[in-house]
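Just the one chain here, the form predicted on its own, laid out as structure tokens.
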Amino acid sequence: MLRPFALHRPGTAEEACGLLARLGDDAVPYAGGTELLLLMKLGLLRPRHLIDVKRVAGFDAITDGARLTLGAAVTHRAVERSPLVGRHCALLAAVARHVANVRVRNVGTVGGNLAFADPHSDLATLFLTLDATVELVSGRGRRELPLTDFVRGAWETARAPDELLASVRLTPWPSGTAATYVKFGVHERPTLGVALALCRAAAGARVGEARLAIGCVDARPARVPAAEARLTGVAVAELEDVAGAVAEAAAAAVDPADDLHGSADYKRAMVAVFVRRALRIAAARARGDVAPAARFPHAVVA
């Protein structure tokens, strides 16, 4: 049962931040509430004030320009259906389509997902390959942080108590990039997520830049520089020849813990397996062949 609380519905970011500053630890921001309300029902969180940010001007907007910007109150469903997202990053729309279930997607928000810093986040993992930054606002002004600096660990972020996460900004991949997101899980929260993007060099026959992020096995998602370096410069026709080395580098980079999702050794083994699968799919995409994705039921491919 939920304990009594006051619900505030500010119309501007300035008003919302003012409430957070004035009410202090008794107040928390509220958007979709898919995680927040669960904690409140369990009695793990007992705020006396909820600051509803869904009506804050601009927080529900998706805009493009130099970068693709998703307002903090944009729902997963809106990301899935957005023509702008489909035009600039079709893989993001596909990943949003596979977040949890349709009930969660209709109310859960991008900002809430990132601000809650649940280690089992599909979006946070994919966003790392899109050079994501988050915009934070407060009465002291605005600041922008790389997502890698914003998410500090499991359920821990760099957001100050009087700040709101206003938006996330993404840099779409260059034209011709072959990308995939592969995830595994027996429940709605993924046990493992692998995001891979292969950006072609100018000539098109080799990988000019590779981006690989692993999520859901550590306290926070992270890029794998050693694996990315191993892929850079490799001919598209020879990508599957380096799959073993790339998978080993990815498995060595994670530091999982034993939990209900499996032992640490099991998770490392699964990282290697799914990185190989992701590379196989991305390599096929780079060659113009989309068939391999159909053989992996947990793969989401743009």
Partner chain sequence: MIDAGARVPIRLVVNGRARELAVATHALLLDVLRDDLDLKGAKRSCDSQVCGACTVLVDGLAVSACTYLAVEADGCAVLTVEGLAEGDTLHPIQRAFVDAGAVQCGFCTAGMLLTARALLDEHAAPTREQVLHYLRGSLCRCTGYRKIVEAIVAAGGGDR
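Residue numbers count along the first chain shown, from 1. Owing to the predicted nature of the structure, the values given are computational and were not obtained by experimental measurement.
Another form, the form predicted together with the partner chain, is not on view; read the next lines as being about it.
- For the candidate spot formed by His8, Leu38 and Asp52, every residue has a non-hydrogen atom within 4.5 angstroms of the partner chain in the model of the complex.
- Among residues of the shown chain, Val107 is one whose heavy atoms approach the partner chain to within 4.5 Å in the model of the complex.
- When contacts are judged by a 4.5 Å heavy atom cut-off, Thr69 does not count as touching the partner chain in the model of the complex.
- Among heavy atoms of Ala219, none comes within 4.5 Å of the partner chain in the model of the complex.
- At the 4.5 Å threshold, heavy atoms of His98 reach the partner chain in the model of the complex.
- When the partner chain is considered in the model of the complex, only one residue from Arg87, Arg143, Arg81, Arg152 comes within 4.5 Å through any heavy atom, namely Arg81.
- Out of the listed residues Arg77, Arg230, Arg169, Arg211, Arg77 is the one that sits within 4.5 Å of the partner chain in the model of the complex by at least one heavy atom.
- The chain is drawn here without the partner chain; in the model of the complex, the stretch among 27 to 35, 244 to 252, 56 to 64, 263 to 271 whose residues come within 4.5 Å of it by any heavy atom is 27 to 35.
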